[in-house]
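In structure tokens, the next block holds one chain alone, the form predicted on its own.
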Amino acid sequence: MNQDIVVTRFAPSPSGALHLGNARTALFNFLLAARYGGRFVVRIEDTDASRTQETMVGALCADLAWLGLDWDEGPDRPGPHSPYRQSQRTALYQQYFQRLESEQLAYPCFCSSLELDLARRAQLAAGRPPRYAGTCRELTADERAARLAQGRKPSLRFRVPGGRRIEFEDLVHGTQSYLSDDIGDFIIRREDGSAAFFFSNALDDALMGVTHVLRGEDHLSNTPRQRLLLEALALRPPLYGHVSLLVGDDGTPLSKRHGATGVRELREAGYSSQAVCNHLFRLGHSTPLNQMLSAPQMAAAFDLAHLQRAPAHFELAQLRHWQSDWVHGLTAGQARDWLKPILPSDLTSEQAAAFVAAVLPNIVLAEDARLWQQIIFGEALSYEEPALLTAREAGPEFFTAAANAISDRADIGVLRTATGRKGAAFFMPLRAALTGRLHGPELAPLLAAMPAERVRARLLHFTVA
């Protein structure tokens, strides 16, 4: 790193919920700034009114906040580069449009969508890469005036210089080289007057002092265009790093068929933000650290040299691993607060503590505890067929002896002595009768959590042959 203050940014378009791929991008930018004591900026790129969903602005910020990605500047945190919504920066963009036009570095384009599509198809049919043919590049002032008089609304194109080789170092992919003749003049202002992505994204990075941009590798081909644009405006470009794409465990781009793909979905499913961040931290970024990390620990371990080029595989099983690690790291008090929505409201503190101690080693999400809450505290019990057969095979004498051994609480040792059985011959029918299942949390903690009268009633249910 050089001596400049590191400034990173996350610039989502509010056209939908925060996807896991974008969440990982935000995390990496946040960690890079945090590692070097820099600033993390959130900028809302909402120049395309047709795609902007106003409700998504607040939702995006809420998801980032839940992940713990605390930004230094943003829509709700004014800083020296306000405003942080591009829809509010129109006047600023207009100044730079005028500058480019006055210096003959941009020109109006009157080509319709149909004309552009036909030209593109013709180029592809001829085996050439599609690029703007320059139809409006050399229009005279009179020709432009005539088109304006016809009511045609032009877009504005950046005049890409010919015969140039654009080279730069990508923070992930290394040396990159492009020929300007392969790029074609590109649109920087749409027909409706709004700024296009290539323009507003690059300009705001420069004006906001962003020094490093980590973004998806699908943006790699955008970089030579944006560097040319900033060079024409005599503005300093950030250093770009294009991270690998996020794919499902089958190697295809992450989508709904792989399960939850949005931060809000995972949050509502009950995953912790720390588990989500720990999984994302390891997707496309290698680290020798295998334990659950806090945000400061992740920042200290984040290394640009460890960003990988191969596609990063999102696996739900791995996320559940980190969620399980998070659950097992909870204190008794934290676990009780976490499971509070599941617990019956009339439980004593002792009963709640016993329930948490019984189920915590066997759950990953809070909702997993709901079944055991119903089993332990519910009146009715449904039996799985294998459990029902196991209980009946134990015989009435087994359950009569066990039921008679219960006083004010059910003690596993007392029940074992009373029945005269041990091992699976003791535990399996007892578990079957009390829970209706052959598998689950350890039996001793379950007995400690279950009211004694309920234990007795369920045992007596099998005392009749």
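Computed from a predicted structure; not experimentally measured. Residue indices: 1-based, along the sequence shown.
Note that the form predicted together with a small molecule isn't included here; everything after this is about it.
Remark: residue 219 counts among the residues lining the small molecule in the model of the complex, judged by a heavy atom distance of 4.5 Å or less. Contact annotation: residue 24 falls outside 4.5 Å of the small molecule in the model of the complex, judged by heavy atom distances.
In the model of the complex, residue 201 approaches the small molecule with a heavy atom inside 4.5 Å. With a 4.5 Å cutoff on heavy atoms, residue 271 does not count as touching the small molecule in the model of the complex; it lies far away. Contact annotation: the small molecule lies within 4.5 Å of heavy atoms from the stretch 211 to 219 in the model of the complex, the single such stretch among 100 to 108, 229 to 237, 332 to 340, 211 to 219. Residue in contact with the small molecule in the model of the complex (any heavy atom within 4.5 Å), chosen from 314, 197, 96, 302: 197.
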